[in-house]
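Single chain ahead, written as structure tokens, the form predicted on its own.
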């Protein structure tokens, strides 16, 4: 990371850290949600952006992390320890799942990860003695609404910063190089010495760990979870759309995509409540069509230049 990028990142973190001093609970809730989706998008970037594997398992690991964290927290484990525990459990599950699903590619891999979401949801629904089944789990809360809004905003901000640093570390090291080789041509990468099985497994585990940590923080934040809520497939779809919107395989793309997606979502929801979903989908399709490499490739100079009249043409 260059000094300029480091300074810009530090400035953004400082500005975000000051938000609780000037924002009310609504602003902090929107900010916490935005940071949570930024974590999900960055986590998906490990396996989907760098390695090019279209994973829909975000909802699976988000739900698994939420339940793993909630269960041990309800048994008396402190919240931060519960979040770390949830990340570790999900990384282990991703390692075991990866032995099977990472042998697949393309559409087959995508469908297999969709099945994982439904499989984990049914296990949680059926294991009533541990998870509460469809009734969900309540978590104890000892904070006032104002204290909780500030605490979980900072918790999600810290998690987003850690996820970004991990993504940057992967991108500049051999793991990132190997994953990009796999994305370009997996067979060729294997022939030149890239251990594709190990690299893909590490990317899948990192993706699962950070997604699960976000799920565990979400469970503590909302103080109540149920299977239909935390295993919602929209978590997977939104994370993918955000990365495509911002720029897959880039460092800033997932963050920009999450901010742009949620800003558009909030804007359209406020002004076109009944047509919200249709208009939001149309806007995202247009953005992806005109910026196929994502918002990170957007240039004001190029955009303004495209509107200038051709030489010799009357205006």
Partner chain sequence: MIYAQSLVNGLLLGGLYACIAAGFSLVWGVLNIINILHGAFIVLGAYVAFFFHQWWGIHPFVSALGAAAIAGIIGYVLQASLINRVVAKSVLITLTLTFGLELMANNAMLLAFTADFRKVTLDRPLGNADIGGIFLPLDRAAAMGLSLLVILAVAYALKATRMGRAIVAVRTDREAAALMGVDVARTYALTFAIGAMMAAAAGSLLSLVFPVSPLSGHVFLGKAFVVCVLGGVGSIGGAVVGGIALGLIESFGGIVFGPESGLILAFTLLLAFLVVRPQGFMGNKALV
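Residue numbers count along the first chain shown, from 1. Quantities reported herein were computed from a predicted structural model and do not represent experimental measurements.
Just so it is clear, the following notes concern the form predicted together with the partner chain, a form of the same protein that is not shown.
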query: Contact residue in the predicted complex, from 116, 167, 225, 149 (heavy atom within 4.5 Å of the partner chain); finding: 116
query: Proximity to the partner chain in the predicted complex, single hit among 260, 280, 252, 34 (heavy atom within 4.5 Å); finding: 280
query: Interface segment, criterion being heavy atoms within 4.5 Å of the partner chain in the predicted complex, picked from 155 to 163, 132 to 140, 102 to 110, 81 to 89; finding: 102 to 110
query: Partner proximity in the predicted complex: residue 244 to the partner chain, non-hydrogen atom cutoff 4.5 Å; finding: yes
query: 4.5 angstroms heavy atom contact with the partner chain in the predicted complex for residue 56; finding: yes
query: Residue 270 within 4.5 Å of the partner chain in the predicted complex, heavy atoms; finding: no
query: Close approach of residue 44 to the partner chain in the predicted complex, 4.5 Å, heavy atom; finding: yes
query: The partner chain in the predicted complex reached by all of 9, 229 and 264, non-hydrogen atom within 4.5 Å; finding: no
query: Any residue of 61 to 93 that, in the predicted complex, places a heavy atom within 4.5 Å of the partner chain; finding: none
